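Heads up, what comes next is one protein chain in two forms, each shown on its own as structure tokens, labelled structure 1 and structure 2.
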Structure 1
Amino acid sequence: MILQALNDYYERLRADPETEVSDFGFSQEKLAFSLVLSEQGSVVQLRDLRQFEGKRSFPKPAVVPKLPKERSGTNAPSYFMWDKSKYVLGCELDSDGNEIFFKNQFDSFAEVHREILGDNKDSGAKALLNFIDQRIFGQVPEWATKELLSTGFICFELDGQRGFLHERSAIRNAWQEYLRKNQSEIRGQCLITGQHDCSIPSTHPQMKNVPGAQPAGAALVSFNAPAFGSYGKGTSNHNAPVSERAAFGYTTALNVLLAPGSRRKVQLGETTVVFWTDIPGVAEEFFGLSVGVKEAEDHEMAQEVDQYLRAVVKGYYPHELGKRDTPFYVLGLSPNAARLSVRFWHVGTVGKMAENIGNHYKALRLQRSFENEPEYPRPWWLLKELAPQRDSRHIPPLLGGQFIRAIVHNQPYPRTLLTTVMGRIRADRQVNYLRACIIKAYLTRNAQKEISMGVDKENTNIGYRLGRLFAVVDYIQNDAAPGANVTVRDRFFGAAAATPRRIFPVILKNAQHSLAKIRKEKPGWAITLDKSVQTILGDVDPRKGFPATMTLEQQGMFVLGYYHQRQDLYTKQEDKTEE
């Protein structure tokens, strides 16, 4: 289904006049120079196609003939109608500016063009063949500048005529004829289109711009080691018969989605997520900004997304997103050296997607500690909380994909989410808004717990109660000895959450000492604090006492109780009455 949807997307892109995708056998490349040839094949002019902005130069993007696979190896054949000077002139400058000559490449350029153009009657074709005949190996023509010999791709045009040689219809036809003749001999049923008797290529074009994969490109469909082949098909893509055209289609579409600056791509840890709809519009943008992107580029955009989120959290559907039943596709990819692996794949509708995102953010909702904290924390920020030192490189690799999958499918969150966040809290003893959000979302969705946004004094869950108690004790100690080197939280947080029976009697006793100290200075406040300890403890079953151990879920509740109570303690009384 994945490849089919991508191939369909390619067909749609091709039908859309506003987007430029290349046809089969052509590719968009960046050209630096053009040689203007006379009909006799001599070079009339050397034209620089680059645009300059200050010191930087930008080669001109152009659609040129290219086989749908990457060139590789030391003696790779020349491209048709364009190439580097290594091929065109057989000469290239090394980094020290010395001329180095390449015989194989020089010959390959002639060979390829003679084979394809042969006895072509077109004047442009003749001019190029004449040019090839006049080249002498080992000599650099005087018009060749140093830049031409060291950078960029070269193409050709005919003197006195508009456009490049590779744009002439006679030459395009010759190229297409060549493609037809050179398709793979092996035929079979295409697994994307279902068509019988298609020509099946042995490799597919590669995908670029996937962080973590090889920069030259990685393959989604490949069989690059003997153990991967089946039924004697070896390491070729005949293991998975895909027609030449469909292979080109799906890879082109995926490359468009992955292109730098694409708005249909988000990066989460090592997972690259691409998404698209049948009807382009706000929906794609909304998804990208609500699920991915570290920061929306401009403030206005971020506010707009927050507004949509506010609506979907309440269960409304913002009509700006377009028709509800527009199909929506999400594909999560992650790199594995020269290959790409699929982390998840989801086909839904825009309406369902908005609903699922709404459910996710609803599960996350929690009272903020500070005004500047995000009301709707993006997955990226949450994932960073799970990494040691908040370094995005240390995000557990599988988790990003699983987390997004849980969001788009509206499924339970991965359990590792809870174990990882509890592990982080135990390690650095920091309970902040984002971590509390993660725990709340997990417990709401996976353990079906009812959890309020702020402190819930009626909640009798033992974990929650003890968490609140711990917050009060922490507060008392802080009040009695402000700026202590080691606080009760630093020493006891993890242990108090895991084994209350062992820890709580100790810290409650210590709290009494602290209370005694506060009583000397602020007797009224000491009574208030003492009362709140009593009220919280009041509901703890005296027969059972403190539980010896607590499960991970109870520990999660402990963290939430702690977070809520602390919020409550540190919020000024007047603020509270206003709410």
Structure 2
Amino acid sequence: MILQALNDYYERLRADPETEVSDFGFSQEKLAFSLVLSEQGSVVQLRDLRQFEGKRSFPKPAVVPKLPKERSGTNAPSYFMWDKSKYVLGCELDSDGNEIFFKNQFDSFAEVHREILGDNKDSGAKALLNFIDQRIFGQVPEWATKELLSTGFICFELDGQRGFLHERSAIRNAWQEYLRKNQSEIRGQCLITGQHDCSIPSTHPQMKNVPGAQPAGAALVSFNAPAFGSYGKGTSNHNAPVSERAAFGYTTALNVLLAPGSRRKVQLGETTVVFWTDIPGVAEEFFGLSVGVKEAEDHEMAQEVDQYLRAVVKGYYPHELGKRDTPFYVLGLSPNAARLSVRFWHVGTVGKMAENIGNHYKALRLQRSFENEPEYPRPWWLLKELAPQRDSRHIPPLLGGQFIRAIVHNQPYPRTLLTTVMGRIRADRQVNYLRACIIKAYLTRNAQKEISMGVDKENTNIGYRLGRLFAVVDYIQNDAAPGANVTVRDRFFGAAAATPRRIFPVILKNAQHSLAKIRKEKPGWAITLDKSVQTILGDVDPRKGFPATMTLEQQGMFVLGYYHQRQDLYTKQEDKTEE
């Protein structure tokens, strides 16, 4: 199903005139130089194709002939109509600027082009063959600059004519004929298209731009041990027969999704998430900006995304996202040595995806501490709260994928989300808006708790009550001794949440001393605070007293009660100041 959906996406890209995607046997690569040849094969001009921004240079992207299989090894064959200088001229500069000659690569360039263009009558093909005949191994032409010998790929043009040689129809036809003659001799039924008598390759092209995977690429479909094979097919991909064209299609589509700068890709921890729809539209952009790292490029776009989120949180469907029943696909990948692991795969509709995203942000909703805090915090911001020093490199590697999967499937959040955030709070004793959002979302969805956005004085949950009580005690100490080096929260927050019976008698006794100090300067305010303590204590069952220990969910409620009560206390104080 994954391969079939990716192959269908490739066909969608090919049909889209605004998208440039290569045909079978071709690939988009980056070219640095072009040699302009005369019909006799002499070099008329060396053309630099790069664009410069300051000191940085950017090669020109172009679609060039290329076998679906990546070349490898020290004596790998030459590319057709383009390659590096060590193939084109048999020479390359090392890091010290010394010339190094490559005989095998020099010969391979000639061998490949003579085989494919041998009797071709095209003037461009003849010019290139003449150029090859005029080369002398071990001699570097005068026109070959140091940059040419050390930077990027080289292609060819014919003097007086527009376009590259590899774009000429006669040369493209020769390349396609070469592909047809050299296709795999193993034939069978393609498991993607269902077509019979197809050429079945032994390996598939590799996927690039997956962080953590090998830079040269990693396989989505592969068999690395005979034990995984069947019917004596060993470790080849004949165990999963896919035609050459379908293999090229699904891998090309996935590489387009994974390309740098792709708007259909989200990176969370070690999990790379790609997504697409059957019909191009706003829905893909909306999903990427809703669960991704990047902000909208302009203020207007950011406002639109917030409007969409506001609508889906309320249960409405923004019609700008297109038809609700448009298929929507989400694929989560993670690196695994030379292969890719599929972390999750989701097939749904745009309407259902919008509903799931709405449910997620509805579970997160909480009263903000400050106006500049995000109303709809993205998953990346939440995950950074779980990392020591908020360093994204320390985000638990598996948690990102589990979190996104829960959002996409509208399933319970991973247990590690709650354990990690509680661990961070115990470690640095910081309870902020984003961490409270994480806990609220977890308890709302996983524990089926009904939690309000602000303080809920009717909530009888013991954890919530004790969290509110702790916030009041913390406030009393800060009011009595502002600027103290160590606060109640610094000393007792983690222990009070985990073992209330051991901690609360101590901090309540100390709170009475602090109230006595406040009473000397602000007697009315001291009475108000004392009433708050007594009111919250009055809801604690006197027969049971403070619980000896609390579960992790109760500790989560403790944090929320503390956050809510603290918000309520400081909001009231501001109101009084304004009055």
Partner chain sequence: MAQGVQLRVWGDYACFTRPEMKVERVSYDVMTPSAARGVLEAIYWKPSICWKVDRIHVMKPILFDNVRRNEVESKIPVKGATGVNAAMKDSKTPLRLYIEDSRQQRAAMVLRDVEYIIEAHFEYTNGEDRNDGKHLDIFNRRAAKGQCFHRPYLGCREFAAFFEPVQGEIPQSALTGEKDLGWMLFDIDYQADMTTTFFRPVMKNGIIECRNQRVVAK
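Structure 1's sequence is the ruler for residue numbers, which start at 1. Computed from a predicted structure; not experimentally measured. By rigid core we mean the largest C-alpha set that fits within 1.5 Å across both forms.
The chain as displayed in structure 1 is taken from the form predicted in complex with the partner chain.
With the core held fixed between the two structures, Phe33 has its Cα displaced by at least 2 Å. Leu148: CA moves 2 Å or more between the two structures after rigid-core fitting. Annotation for Ile527: C-alpha shift under 2 angstroms between the two structures, rigid core superposed. The rigid core superposition between the two structures gives a CA shift for Arg56 of 4.2 Å.
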